[in-house]
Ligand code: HEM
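Below sits a lone chain in structure tokens, taken as the form predicted alone.
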């Protein structure tokens, strides 16, 4: 086993900054919906908007980084057979002490299920949040854009559903990061230091 720089500095910054922004947006979003009471409605809305623009800026930089470094290849979907091997491992093999069927390398950091999950996050959940959030934010401009037939309620429901999907992803991601490492918190440590055993 050798210590390998698995996650570059920008990748780690992007990961933790995104996590902090998304958690903060979930908290302010819950306050906007009246689920919790902390900042007050107006402050929660204003904070949510500032966080949203910051996150959009971060995502633009991250997309640019992925495209210019070739890291976008990490998300190319695996074959159905490879996905099923991972499903079998996580549903049966892991409980029988089977060896993990995927071995991480610098060029292939994500197993087939992770690729599918992250790709879904990047091409489904995140765009749903962006588009519905921006439509919600610019509601006053809908008529001039020819969108007067849109329903604000539907846009709000889509935004909320996408936010809950993001929350579910975060919970699963955190759980698997903690429990699916050979060493306690090994995956989290790797995302802090950048180094992992290969």
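Keep in mind that this is a model prediction, so the values were computed, not measured. Residue numbers count along the first chain shown, from 1.
Beyond what is shown, the protein has a form predicted together with ligand HEM; the following relates to that form.
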Requested in this report: Can you work out whether ligand HEM is within 4.5 angstroms of a heavy atom in all three of 22, 130 and 136 in the model of the complex?
Outcome: yes
**Report entry** ligand HEM contact in the model of the complex: residue 141, any heavy atom under 4.5 Å
**Finding:** no
Requested in this report: State yes or no: in the model of the complex, is some non-hydrogen atom of residue 56 no more than 4.5 angstroms from a non-hydrogen atom of ligand HEM?
Outcome: yes
Query raised in the report: Even though ligand HEM is not shown here, does residue 173 get within 4.5 Å of it in the model of the complex, heavy atoms only?
Result: no
Report task. Flag residue 66 as yes or no: does it have a non-hydrogen atom within 4.5 angstroms of any non-hydrogen atom of ligand HEM in the model of the complex? Result -> no
Report task. Have a look at 156, 147, 36, 43 for me and say which one sits with a heavy atom within 4.5 Å of ligand HEM in the model of the complex. Result -> 156
Report task. Given that the partner is absent here, state which listed stretch (80-88, 95-103, 67-75, 122-130) has heavy atoms within 4.5 Å of ligand HEM in the model of the complex. Result -> 122-130
Query raised in the report: Heavy atom within 4.5 Å of ligand HEM in the model of the complex: which residues of 14-36 qualify?
Result: 22, 25, 26, 29, 30, 32, 33
